Every structure is written in structure tokens, then in C-alpha cells.
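We begin with a single chain expressed as C-alpha cells, specifically the form predicted alone.
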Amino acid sequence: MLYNFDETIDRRHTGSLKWHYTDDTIALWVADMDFRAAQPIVNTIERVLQHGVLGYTKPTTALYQAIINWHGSRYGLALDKANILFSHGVVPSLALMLRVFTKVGDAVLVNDPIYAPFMSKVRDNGRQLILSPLREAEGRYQLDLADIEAKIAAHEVKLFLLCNPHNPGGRVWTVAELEALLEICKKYDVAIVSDEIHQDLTLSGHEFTPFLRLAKGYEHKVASLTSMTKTFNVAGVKGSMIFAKDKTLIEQISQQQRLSDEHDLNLFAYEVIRSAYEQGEEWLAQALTYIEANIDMACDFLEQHLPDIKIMRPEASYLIWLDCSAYAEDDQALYDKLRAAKVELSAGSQYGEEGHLKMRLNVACPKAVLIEGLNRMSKALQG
């Protein structure tokens, strides 16, 4: 089936978070796509509705097998049913894993910049937030392994929250980088939780490596978080997975879930996960091709019309990290300048100190929408 990603679907007045405006603002911010979901997923939801009984539901053998097959065939990650736990979302799972691996007052290390809930959930749960800035070299971020080790030692860090692929910088960390990080964490007995929600959006020329695949002998200290929601643009269908290999750790996670009864998903989430992993590959391949073309177009446009923006081309996802420091001296002024032009990007300041004067651009939309948004950016920043 050939999908039409050029189709513009009006999402205003639907309760959409992304398109909540009462005016004609172009939304290029929060990380969901403006593309119609894969037809097999839509068909699955329609089938469930036609059945007519929407009662309590549990995971099926076929659901577990779909998850196992997807991650095994694409990433060489060997899973079985016992390794898979369900959660309402990756962010709730971050908070859950804080309770599993740490106690109030413990130090937790994250990179800077980082997806904002990495920082807020650490603080909200009474843990000590320690930041390790990423180093920028040749237009992409690198882990500062020396700084990570120094911070771990100085603050007696108990948990490292990894984002792979990285949000907002779009890095897909290499095996060498991940193994070096693992060795540091082993040395200091630090647990690692890897948020891998953007794994399936890895772009051509790059290879995603699940952290669990490298953690042999250290599985009691490693868990990964992922979901089909970003991959298949079904974020409104809440559902994600926690993967762990160690039996004792799995029981600890399960116990924490039972305390708040947060281990079940709704009927639609279970069915969408299975449908996406069994039948969504064709849609995903076409979506990634379209997204890469949009990334090319956006980068070309910015290089031509706003040449002083420093572009960090993503290795995964549809999010482009932009250094706009040549066009403003104040974060709020930069954001306000774009909003006045009726185009909204994600303000870099929410991703940590390293996000100063940066913006995150979402290009997962029809080309016509993206072009209009880029033109508004150009007028706003050149004015």
C-alpha cells in the first residue's frame, strides 16, 4: 500500500496538544507526526469497535510474540515473555525506575541537554540531579566520558538515565560509546536505564544498538524503556514496554508496579502494539523515507535563508536541533520572535543549560506545512 504523507489533515479543534491554537500558527514542536496512522492499525481499532465488547483485557501470546519478533529481527535483541513488562508510557516508567534503583536523596546522572522529563522526574521524586554536558564536535554530540566518571565518583551516583537515540540531539550512540559507558557504570556499581523510544526512527547510515544487548553479566543493573507510540504516530494510545533480563530485577519492577496497580494497559493499546509490530513495517519504511526528504529540505532551506543557524542533523527521529544564537541573545526573546510570526518550535531552554538559544524543529509533517513554517522562521529571524 502506498501512503500519502503529503495529505494535510486539519487537527485543530480536535483536542490535539500539538495543534491547540485558535489562530493559524504552524506547529513544528511537540514530538508527534501529522501523518495518518498505518492502515492496519486503523483497521485493528475498527475491528475492536465492531466487536462491541470493550472489557478488561490482558496481553496475549500473540502480542508477546509480536514484540519478541520485532526486536529480535531488527536489533538482535533476544527477549522472551518474562523479559517484557507493560507501562502506560516511558515517562511514567522513568519515575518507576527511579524507585526501583534509588531512594530519596540519591544522586542520578543525566546528560545536558536532555528531554525535559529526565530532569523533572528526578527532582520530583526527591533525588539529586547531576548533569553531565554533552560535548559538541563536528556537528554532533559526544558523551564526555571523563566528566561522566568524575561526576559519578564525586556524587556517588546510583543511576544513569541514558537517552538513546538522544533527544533532542538525534545521536544514535555507537557500540563503542555504549560499551565505554557500561564499563564506567560497572566500575562504580551504577544502574543504567536506557530510554530507547526513538529506536525505530533511526535514519539511513546509522545503526541502533539496544543497551541490553551489551549488558551480559550486568543485567541486574540494566533496564530499557521503549514504545511503538513514536514509531507509528499513535502517542494518543498510551502504552509502552519495560525490558529487563534479570529475574530479581523483573520482580522488583513488578512489585513497584503493583504498589500503584500500573501494570495493565487498555484494550486498544494492546491491540495497537500487536498490529503495529506485525503489520506496520511498510508504513514505517515509507514514513522514514518521507522524513529524511523533509530533513534534507529543511537543512537546505536553513543553510540558504538562515545561514548562521548551526544545524545538528539527526541520526534518528524527525527532530532537528538548531543553534540560533546568532539571531538572538535571550531565550524568551527568541521564542517570542517565532511565536509572533505564528510558528512554534520547542524552546531549547527546557532541555537544560546546554539548550540556551537553541530550538527543536519537528519536520514530521506534510512538505507544504513544513515549507510554510520555515518561511515564517526566516521572516521572523531576519526581521
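All residue numbers refer to positions in the sequence shown, first residue = 1. What you see is a predicted model, and the numbers here were worked out from it, not measured in a lab.
Omitted from view is the form predicted in complex with a small molecule, to which the following refers.
Novice: At the 4.5 Å heavy atom threshold, is Phe118 in contact with the small molecule in the predicted bound form?
Specialist: Judged by the heavy-atom cut-off of 4.5 Å, Phe118 is in contact with the small molecule in the predicted bound form.
Novice: Decide whether Lys230 counts as a contact residue for the small molecule in the predicted bound form under a heavy atom distance cut-off of 4.5 Å.
Specialist: It does: once the small molecule is placed as it appears in the predicted bound form, Lys230 has a heavy atom within 4.5 Å of it.
Novice: Check whether Asn167 has any heavy atom within 4.5 Å of a heavy atom of the small molecule in the predicted bound form, and answer yes or no.
Specialist: Yes.
Novice: Please check if Pro92 has a heavy atom lying within 4.5 Å of any heavy atom of the small molecule in the predicted bound form.
Specialist: Pro92: yes, in contact with the small molecule in the predicted bound form.
Novice: Have a look at 271-279, 144-152, 298-306, 194-202 and name the one stretch with heavy atoms inside 4.5 Å of the small molecule in the predicted bound form.
Specialist: The contacting stretch here is 194-202.
Novice: Which one, Ile84, Ala107, Cys163, Leu182, lies within 4.5 Å of the small molecule in the predicted bound form by heavy atoms?
Specialist: By the 4.5 Å heavy-atom cutoff, the listed residue in contact is Cys163.
Novice: So the small molecule isn't shown here. In the predicted bound form, which residue out of Ala31, Ala37, Val343, Ile45 has a non-hydrogen atom within 4.5 Å of it?
Specialist: That would be Ala31.
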